[in-house]
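Two separate entries follow, structure 1 and structure 2, each one form of the same protein chain as structure tokens.
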Structure 1
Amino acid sequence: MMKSKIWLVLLIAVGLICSTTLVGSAAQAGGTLVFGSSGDAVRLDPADVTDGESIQRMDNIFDGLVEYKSGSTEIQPCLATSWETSKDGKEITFHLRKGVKFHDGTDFNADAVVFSLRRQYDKGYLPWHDYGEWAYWGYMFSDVEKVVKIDDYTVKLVLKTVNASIMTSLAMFTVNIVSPTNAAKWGPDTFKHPAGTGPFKFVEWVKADHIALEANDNYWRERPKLDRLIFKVVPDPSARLMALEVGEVQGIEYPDPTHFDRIKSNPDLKLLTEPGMNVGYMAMNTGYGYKDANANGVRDADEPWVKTPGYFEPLTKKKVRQAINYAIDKKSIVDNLYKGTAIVAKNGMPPFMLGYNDDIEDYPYDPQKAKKLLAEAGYPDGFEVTLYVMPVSRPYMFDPPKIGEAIQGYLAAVGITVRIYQVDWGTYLQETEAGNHQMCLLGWTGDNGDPDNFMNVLYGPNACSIGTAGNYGFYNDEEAQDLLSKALQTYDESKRAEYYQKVQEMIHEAAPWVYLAHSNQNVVFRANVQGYVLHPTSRKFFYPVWIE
């Protein structure tokens, strides 16, 4: 009796030791990371989203032909091991990586690449084309004519015209490769059941609560160090920070800059910060856009300039727009409302980008000069104008309502009465894309590190299409479009820079925008989270991360 009890005790002791060592080694392998996101994903099909929250999840599920180097917008091989560009620059041939499998077991090959891209541009490729809106294809890849399979591990990309930014664009989420068999299995619901070749596999999606991923043991690189990666939705920035403080989540995005002192004084937390590739601005509707009848993203000869719904006489005058630029104290806004987590912007793209024009002298804060210009323009007593103010925080503007109110105060001082208009975010984008606004707050985070992704998408006359506008100032100088198109069709970097610099000068003179700030991107982790590297595009890659 006594003896058997001793055996029992020994057995339990051995069992305990074994189990603790096992648990211990498992923890070293990575464990679970819960990331506090500000919102839920919209769709989990990389080609059919435009919002950062969806992209954040999918960047860890999918791979593309090429990818960005860690922390930069230079590209390196990923699912394509090498590529050649034809002499005329219109054909790029990719050699694909062999032995890669999708999460559902399908082999990765040329068919998967053709499927992933063709469904976006080929209106006759049914039913796949009807399953999405493919918005980004129009923004970034409208120069692609087609993708052709050469053999099982070779594909060719055929372009309509030379496009200098195409290779960096190919590292974007839009052209990540999806499993064709998975798409066939789920049909129009594929966006709820993603299957890629990436480091993490999709597990579950509980709407408005969390999305869970787990390590892909068959990843073609080394297995990721984390076992599980969970994106939890915590919309309120204060609640997010508190969840991080108590260890409920291990990392959060978009911390409120007013909380930075509290974060920095907590040894359990670390703040990662770097200059972001973005711009936050106030756009003034200069009055005219065009109706893009054939939805080709270009203003054709038979598409005339027409008044936008938000046409407002005073803002069509250059002197008024310049006066408004003089009337707003950007530095004070950046120092006190961005809390110093941004730099003052004088151009429409961040200073580290190719073609940034540093010779431009920004409009200084000068209310007297503003009043004088208003008087010269015929508005000595000012006027009443509506300002659309975003209801949500974005990486380029974390507290738009306060900035809107500050601008209201500055303009009141020169006699302009500002009515503030707020609607929900979806309607806001619709209304501003349709040109309903007189003035609006907005901004942009770069996708691929190429200046075209700012200059053409935000300030090009082709982006003045009423209903899908990206040029919210409706700045429609056709000479600018000419320069922007030339800049895209040459590989000569100094030439490109020259064209972009010239356009920035023209925009500065015409002044349809008050460029406010380039914000830092900020992410906070618990101190034991290692290996995370910020990416300039604010995309979030968790592959190299581990928990100590």
Structure 2
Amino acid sequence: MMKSKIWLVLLIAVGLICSTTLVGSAAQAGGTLVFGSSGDAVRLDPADVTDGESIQRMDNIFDGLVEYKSGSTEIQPCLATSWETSKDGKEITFHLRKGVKFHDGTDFNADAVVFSLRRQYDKGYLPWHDYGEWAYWGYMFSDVEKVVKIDDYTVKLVLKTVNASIMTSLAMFTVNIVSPTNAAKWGPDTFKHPAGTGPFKFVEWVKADHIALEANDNYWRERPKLDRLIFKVVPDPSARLMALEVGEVQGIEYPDPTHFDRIKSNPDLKLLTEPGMNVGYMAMNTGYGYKDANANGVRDADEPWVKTPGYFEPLTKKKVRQAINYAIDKKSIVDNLYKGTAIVAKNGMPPFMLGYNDDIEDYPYDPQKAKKLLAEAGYPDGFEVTLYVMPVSRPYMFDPPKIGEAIQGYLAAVGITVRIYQVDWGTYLQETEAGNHQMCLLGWTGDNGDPDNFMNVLYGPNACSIGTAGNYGFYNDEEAQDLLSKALQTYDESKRAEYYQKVQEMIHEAAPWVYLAHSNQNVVFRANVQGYVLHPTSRKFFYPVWIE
């Protein structure tokens, strides 16, 4: 459909929604929901992204073998109706749902499951493997040896070793099932033309403006109540709120906490909030990563440590990194910029998770101590450094530019001159995953509720792969990786907790990160939007939503 025609339909639909809001109609199916997002998607292939903006679109287009129950990280059947695990824990056999169609009209079956997973791990599966970076496979699924078709509706997942988090990980977006026929049609451009089995079908993507979806009339569950779902890019938090107030959008993400009183006093709006499973931080590039030549997510013996593109000598020194931790007043940032919607972070995962080390004593705000450590490290007069600052709001950091400016001021007070660097979101992720940065603002929202999803993905040396890094501090202590691998390979929760607590002690001492905050997740809707449930991972599922 032509862009002009589709927007005529959307404008009419939005106008109808606003009209029914004014007359207070009863709940009904149908209509369009326009959601104000802080940034655009990067790609629309669930296996080849790491950013929340892409994920929130795809969570409404694709399904996986299993899924999370509403509002929790407990799994339930989805495209797989049941499964059995072998006695040694290394093989899981899935029985697939029959009668399910992809959006392109082709059948969902075992071939589609094998295709969706194999393209990520099999370097010889060409040309499909060459079409993506598959970063999340390296983060979360490097223990998978292969997936095997048993018959048209049965597949077996074979693991190299026991993995205590594998079933919760299988509910993540990166192993959602894509149409092989659609992939064959579009080739390397498949990420622009997604086709899954989910509740909404892709219509169009106008870069930096909107992504339009429509209800999947042939969904294997009941049809969605919404006719259309539009993700509209509105980068500025104030502009997002104004668009919501006048009815141009019906929901927004990452509201500015300074606007909460204004939101709560407006009877046409409602604020949804709950503690977030996240961490926001500043990472310091400690200097060394590795080239993951075989894309297996593990640093092999023949893959040496090499300097990252952002290698910067002062940050290779532990005392400098510790000084920077002392120099930043995190409590002031949380009190004045997060406005009471977060708690100060001292470790790299939320305090309610298994293995959190509450015995660690955080770096206090102490500029004099920072200056002393800088002098001891050989930098009594400080130095100049570049800080990458995100251009979009995230669940763990709603206003990165203001936080970047605050850090700039704190470091100036101890003699460190900070240059702020900003670039579009997609490029930002590419450059930081490649290790181009000296320091960067980033963070993480948990994908599956398991501590491995923080500790191994963000801080494990295996995640120091240049080009697909999840460890943006490039912290490469191999003893830490050994402990993290052991934690993943045991079902003994007390033992797992001990391993994670020890690694947190090691990271605290090495200080490659300034952990800033664990923030609440907040979403605002028009009062007539019903059925939306916040998810601990901050993923956004619109299938149950309707408009009164």
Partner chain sequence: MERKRETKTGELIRRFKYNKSAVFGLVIVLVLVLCAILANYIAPNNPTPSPPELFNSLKPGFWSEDGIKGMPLGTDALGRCVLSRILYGARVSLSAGFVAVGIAMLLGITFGVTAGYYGGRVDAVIMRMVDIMFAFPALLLAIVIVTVIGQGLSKAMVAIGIVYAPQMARIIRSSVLYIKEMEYIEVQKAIGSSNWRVIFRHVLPNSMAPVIVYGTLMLATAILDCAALGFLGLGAQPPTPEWGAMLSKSYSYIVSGAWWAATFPGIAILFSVLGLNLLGDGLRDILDPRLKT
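Since we're looking at a predicted model, the values are computed, not measured. Residue positions are counted from 1 along structure 1's sequence.
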If I had to pick the form predicted alone out of these two, would it be 1 or 2? 2
Location of the hinge, rigid-body rearrangement between structures 1 and 2, from Ile403, Glu145, Asn520, Leu483: Asn520
Considering the two rigid parts of the chain, by what angle in degrees does the smaller one turn between structures 1 and 2? 18
